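To begin, one chain is listed below as structure tokens, in the form predicted alone.
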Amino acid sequence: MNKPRCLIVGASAAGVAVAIELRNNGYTGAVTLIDADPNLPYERPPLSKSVLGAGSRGFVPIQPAPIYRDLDIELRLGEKVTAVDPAALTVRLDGGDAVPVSRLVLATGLSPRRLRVAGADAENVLSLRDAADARRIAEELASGGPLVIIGAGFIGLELAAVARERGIDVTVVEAQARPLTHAVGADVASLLMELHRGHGVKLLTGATVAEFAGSAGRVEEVRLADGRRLPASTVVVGVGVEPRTELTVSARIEVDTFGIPVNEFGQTSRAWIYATGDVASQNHPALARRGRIEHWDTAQRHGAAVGATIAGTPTRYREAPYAWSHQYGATLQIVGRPRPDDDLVLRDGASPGEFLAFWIRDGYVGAVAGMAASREVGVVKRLMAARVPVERAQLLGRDLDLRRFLKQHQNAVRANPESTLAS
């Protein structure tokens, strides 16, 4: 090759961030971004709002189209990478092209997990991961409900909220006792249950699907394992995801149960191949052990770190993971990752529509979650970054001014840099 090429598979938040940061850090080689999706790279979080069409902003581009031209980033959209040839340093595309590569980045993301029950292949049993999925769900819901959502994860609950705001009858079926317990713990999960039930969602917990029944290739009824039958004109399944690791076979790189293992700089078991975003299995200070961090903000930050590293500025992604979810006009925000052995402090006055929860770990805030509490969550994020010592009693009451508390700590550190005590 006369000119080095960094080829990025996956025009997602992570993939685009890699490409942009390569150029921001002076990379002069060719940059090629390849994705089977034919659309200009777009944000995934708004899809659960775009499915109902009217009143939505449609698909939001990650970057305006001219940015790719201005930064000399080649977009090959609607094309699929089918194999990697490590010996020849090329990747093979579905159209037959062999593209030379000196650095390869896999930002292939995740695929929805399918339910393996009768009727799961019916035309109105859908999932929501990309623009094509959103269009299909919009078409199905154009005539109204009932809508049955299998799985009360972030996407399922956001879709339930949007559908209820449009007056659609919604039932959510969740196998666990509470939704999102793995992300926010049982107490906060209970508040979210109340929030959705208060808006008319029929939320069935501890329930699983036995089969989808109907005729002419369409589901008309969801049958649960306990014998209950739910009428359905549209079914959306959100029961988890699986990492898209197909290319690791031809690339001959390692995988684990979470995805593609990477080191602190995003390198896989082959040093010239990187992985980033949702597919990356990484060690991170917020995680108790190696795993995935499946959030938009993380994908962008990790991708940016990988891009800077490839361009010659070794960069680690160490910031606390940040996630958000819009539900019924309010925003749920989460910074960090709660752990089972953390001490949960739910601030006084918590209600389904407004709350602030702290997870104390070794005398510091390890994670925070807030509904309709953007200002407070922003301050707590700074408390976490500054490693400000806290006590349960301080955080429990609503009279604590978090911003003043942070400022007092900063002043104390300036006055006595050796001290770690907060006033």
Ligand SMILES: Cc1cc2nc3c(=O)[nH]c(=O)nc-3n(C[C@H](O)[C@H](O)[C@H](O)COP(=O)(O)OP(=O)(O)OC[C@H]3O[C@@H](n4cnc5c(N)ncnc54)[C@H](O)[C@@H]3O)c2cc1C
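Just so you know, these numbers come straight off a predicted model, no measurement behind them. Each residue number is its position in the shown sequence, starting from 1.
Just so you know, the form predicted in complex with this ligand exists too; it's not on screen, but the next bit is about it.
**Student:** Considering non-hydrogen atoms and a 4.5 Å limit, which listed residue (347, 218, 166, 295) is close to this ligand in the predicted complex?
**Tutor:** Of the listed residues, the single hit is 295.
**Student:** Within 4.5 Å of this ligand in the predicted complex, heavy atoms considered, which of 211, 79, 140, 342?
**Tutor:** Selected residue: 79.
**Student:** So if I measure heavy atom distances to this ligand in the predicted complex, which of the stretches 150-158, 194-202, 224-232, 309-317 falls within 4.5 Å?
**Tutor:** Stretch 150-158 is the one.
**Student:** Given that the partner is absent here, does residue 277 sit within 4.5 Å of this ligand in the predicted complex, heavy atoms only?
**Tutor:** Yes, residue 277 sits close enough to this ligand in the predicted complex that at least one of its heavy atoms falls within 4.5 Å.
**Student:** At the 4.5 Å heavy atom threshold, is residue 376 in contact with this ligand in the predicted complex?
**Tutor:** The answer is no: residue 376 has no heavy atom within 4.5 Å of this ligand.
**Student:** Does residue 323 reach this ligand in the predicted complex, with heavy atoms at most 4.5 Å apart?
**Tutor:** Although this ligand is absent here, residue 323 would touch it in the predicted complex, with heavy atoms inside 4.5 Å.
**Student:** Answer for residue 128 alone: is it within 4.5 Å of this ligand in the predicted complex, judged on heavy atom distances?
**Tutor:** Yes, residue 128 is a contact residue.
**Student:** Can we say 10, 36 and 299 each have a non-hydrogen atom within 4.5 Å of this ligand in the predicted complex?
**Tutor:** Result yes, every residue of the spot touches this ligand.
**Student:** Let me know which residues along 238-263 have a heavy atom within 4.5 Å of this ligand in the predicted complex, or say none if there are none.
**Tutor:** 244, 247, in sequence order.
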